[in-house]
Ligand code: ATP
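Shown next as structure tokens: one chain only, the form predicted alone.
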């Protein structure tokens, strides 16, 4: 499904992931962060072949359909299926190039967790990523900024911002830290609970739970 033919937004928040399955631990922090940014749209971008994984448990069509169910209940949340349409590994830089071309006037904010930031300089063409978007990193409340700075490459440390008021005029290249309360949910744990016939409905939006049950996924 294309997201590029709608009214062009000024701010787009982006969240990529395997979404195998998508759950409240993905959705709620992403929506809260997008609201905090003042984003008009939140793109959910399922990865087809994640570079760091050997494969997925649900297939691309099933994962896209689960994400679409999440989007159905919120018009500002959109399924972006461009990575699922590729037959090659999903690289963030490729998606950002395409979105920038389609939405040249929009400011892009790519959301990630702190672990991803710590390994960011190992990402494919990470320097180019910083010319295409800002990063928004969700950190745990009370986490020491000093510890984070000490763990980061100097090229990243100098880009850190600690609140929205510090955003510069440039649309790209900044790393904005956002304190969020993480939800103790993971796709791995959900799959394990399903396989062992344990209860798991509270971790998912009801339409996603119903989809998994109807399609007997992760058994």
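The structure presented is a predicted model; accordingly, all values stated were derived computationally and were not measured. Positions refer to the first chain, counted from 1.
Quick note: we don't show the form predicted in complex with the named molecule, though the next part is all about it.
Asks: Select from the listed residues 115, 72, 85, 128 the one whose heavy atoms reach within 4.5 Å of the named molecule in the predicted bound form.
Replies: In short, 115.
Asks: Which of these stretches, 23-31, 147-155, 64-72, 166-174, has heavy atoms within 4.5 Å of the named molecule in the predicted bound form?
Replies: In the other structure, the partner sits against 23-31.
Asks: At the 4.5 Å heavy atom threshold, is residue 187 in contact with the named molecule in the predicted bound form?
Replies: Within the cut-off, so yes.
Asks: Taking the shortest heavy atom distance, is residue 204 within 4.5 Å of the named molecule in the predicted bound form?
Replies: It does not: once the named molecule is placed as it appears in the predicted bound form, residue 204 has no heavy atom within 4.5 Å of it.
Asks: Find out whether any non-hydrogen atom of residue 191 is located within 4.5 angstroms of the named molecule in the predicted bound form, and reply yes or no.
Replies: Yes - in the predicted bound form, heavy atoms of residue 191 and the named molecule come within 4.5 Å of each other.
Asks: Give a yes or no for residue 15: in the predicted bound form, does one of its heavy atoms lie within 4.5 Å of a heavy atom belonging to the named molecule?
Replies: Within the cut-off, so yes.
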